[in-house]
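One chain comes next, on its own, written out as structure tokens in the form predicted alone.
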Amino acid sequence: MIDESTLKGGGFLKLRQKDRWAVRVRVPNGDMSVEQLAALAALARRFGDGEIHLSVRQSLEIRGVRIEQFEEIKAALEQVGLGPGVCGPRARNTVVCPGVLTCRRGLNNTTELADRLTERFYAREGLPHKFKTAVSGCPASCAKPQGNDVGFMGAVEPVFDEVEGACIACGVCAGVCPTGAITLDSRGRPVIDLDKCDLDGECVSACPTGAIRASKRGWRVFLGGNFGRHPALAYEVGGVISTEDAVEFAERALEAFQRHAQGRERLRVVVDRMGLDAFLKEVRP
């Protein structure tokens, strides 16, 4: 008899229907080929109830599977290039938006960062509790990085080039800024308040002369978000960091979580118990 922990590690979830389980199928970055979709439909007819459920974390589930089919369906998924999702106290799949691949608002390559995070610690065992990550390409937050244990948001930090003649005082930058972070001085030139700026890059894209340019492009960082029983938005960790540093930050946060959690605590509980500054001393790259 396979124990329940092993089943959860293989993406097998007990349903309320007697003797029936759901198989969670991981969908990397939310993308799947039409051939894989067709194969998954065939597997749902063969092993399940003929339906496929889309989870809230970009996974698919075949429901109605019997426990004795565990190994057989895992092998069948592998044959079509698909793998099981995970649940329980493990590092979950990274939820990610398309970013610059297709979205006109995207600021960064979200799938590159998500792939790096997946390669580093997806499905890692031995954690005190679940560990969730998300990557959003811009402040629209479609992937909800503020609601995950560690989240990243694409960011462009603008700077005004004060070289004479670079700015034509058109005021477009102030007009497109959604947060009111840009005002115009007496000469019609922009003044940027970075405390108000959400680093969405709109002013950089809209400037017709390049007088406003990106001084830094990378990721805003969020820590300790949780939409579970005790929901809390994540703390934003200041600064804009590179993809490499983002991967290192997530890894160190996971390791600190493992070291300091007491029992089945979520990461947010650990951070609040230790204090944000103390936790960050162990985590910052």
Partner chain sequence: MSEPIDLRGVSCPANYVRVRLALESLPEGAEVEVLLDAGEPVLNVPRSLKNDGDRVLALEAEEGHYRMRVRRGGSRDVW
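This one's a predicted model, so the numbers in the text were calculated from it and none came from an experiment. Just so we're on the same page, rigid core means the largest C-alpha set that superposes within 1.5 Å between forms. Positions refer to the first chain, counted from 1.
Keep in mind that the form predicted in complex with the partner chain is not shown, yet the notes after this line are about it.
A single residue from the set 123, 192, 142, 170 has any heavy atom within 4.5 angstroms of the partner chain in the predicted complex; that residue is 170. When the partner chain is considered in the predicted complex, only one residue from 204, 77, 138, 86 comes within 4.5 Å through any heavy atom, namely 204. Per the 4.5 Å heavy atom criterion, the partner chain in the predicted complex is contacted by stretch 161 to 169, the sole one of 126 to 134, 142 to 150, 161 to 169, 77 to 85. The partner chain in the predicted complex is approached by residue 104, whose closest heavy atom lies within 4.5 angstroms of it. Heavy atoms of residue 217 reach within 4.5 Å of the partner chain in the predicted complex, making it an interface residue. Put simply, residue 211 is close to the partner chain in the predicted complex: some heavy atom of it is within 4.5 Å. Looking at residue 175, you'd find a heavy atom of it within 4.5 angstroms of the partner chain in the predicted complex. Shown in the overlay between this form and the one not shown, fitted on the rigid core, is a CA shift at residue 207 of 2 Å or greater. Residue 87: CA moves less than 2 Å between this form and the one not shown after rigid-core fitting.
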